[in-house]
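The form predicted on its own is given below as one chain in structure tokens.
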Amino acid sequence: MSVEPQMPKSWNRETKPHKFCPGCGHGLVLKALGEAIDELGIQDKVVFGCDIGCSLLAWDFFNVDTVQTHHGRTTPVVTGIKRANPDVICIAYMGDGGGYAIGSQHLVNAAARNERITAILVNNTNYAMTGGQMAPTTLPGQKTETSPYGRDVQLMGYPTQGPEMVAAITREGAYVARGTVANLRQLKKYLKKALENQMAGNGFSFVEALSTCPTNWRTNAKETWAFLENEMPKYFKVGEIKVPGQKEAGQDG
């Protein structure tokens, strides 16, 4: 007697398996998000916005209201939806290019305005869908299609540390964290807390997820996991960076 595996209610069964490359971390991030949505019982209230890039392959991943936006415009689109209907729970899902390059101005301004949305950014250190070019998050010395000799920080600058930036410009009520697909239990906890922060009406919620891209990294399974667990956290520190209730820098008492 076969038993059908139990899947989160928010998953759209008709779209399995996912469309990402083998070894891609997007599926793990989305799995953690789906479980968080189910555990909070908010499936019927969620609006999921996804960006152009690998993120767009999540457009039919969930059985929730979904909108696909132009590249870098997911944050303002879901901000508009949230302002028009404050009762919905809005999620902006994007890659490092969509959030830290073409969409950086939207991320900065949404954070500065303390918009009551949840932004999730997947960091795999490259522009993956277009062939593995250097991205804002490409590590120093890392080789890509457009940095074949490695990222030279003297010429190309240092990688963007998004959560640290968001934490610095947001005020009381914001929630900011960085997780990794190497620790799904922790990542789901951060995603769940980000959603809960929005539900409580506290302020902007932002979670960066360190992820894998073996196709463009040109790594085998062992090398992929070693880069994710050993190299990326050296520059991108994993953990909660800002939680509601903490004092602003420079505050007395």
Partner chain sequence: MGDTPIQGEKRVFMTGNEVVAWAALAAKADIMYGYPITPQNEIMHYWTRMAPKYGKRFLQTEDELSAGFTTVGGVLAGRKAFTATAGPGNTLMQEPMSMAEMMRIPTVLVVQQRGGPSTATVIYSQQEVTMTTYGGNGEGLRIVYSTSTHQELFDYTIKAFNTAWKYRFPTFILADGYQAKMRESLTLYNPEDRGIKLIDPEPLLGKEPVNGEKKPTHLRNTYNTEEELYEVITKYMDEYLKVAPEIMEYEEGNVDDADIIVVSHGVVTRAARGAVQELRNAGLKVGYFRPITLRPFPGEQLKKAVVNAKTMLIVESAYGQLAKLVKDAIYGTTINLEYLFKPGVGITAEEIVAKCKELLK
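Here the structure is a predicted model, which means the values were calculated and not measured. Numbering follows the first chain given and starts at 1.
There is also a form predicted in complex with the partner chain; it is not shown, and the following applies to it.
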| item | value |
| --- | --- |
| One residue of 184, 56, 40, 199 in contact with the partner chain, assessed in the model of the complex (non-hydrogen atom, 4.5 angstroms) | 56 |
| The partner chain: the contacting residue among 165, 156, 101, 77 in the model of the complex [heavy atom, 4.5 Å] | 77 |
| Contact of residue 141 with the partner chain in the model of the complex (heavy atom, 4.5 Å) | no |
| Residue 109: touches the partner chain in the model of the complex, heavy atom cutoff 4.5 angstroms | yes |
| 4.5 Å heavy atom contact, residue 62 to the partner chain in the model of the complex | yes |
| Interface membership of residue 215, the partner chain in the model of the complex, 4.5 Å heavy atom rule | no |
| Partner-facing stretch of 170-178, 85-93, 145-153, 130-138, counted where any non-hydrogen atom is within 4.5 angstroms of the partner chain in the model of the complex | 85-93 |
| Residues within stretch 112-135 having a non-hydrogen atom within 4.5 Å of the partner chain in the model of the complex | 113, 115 |
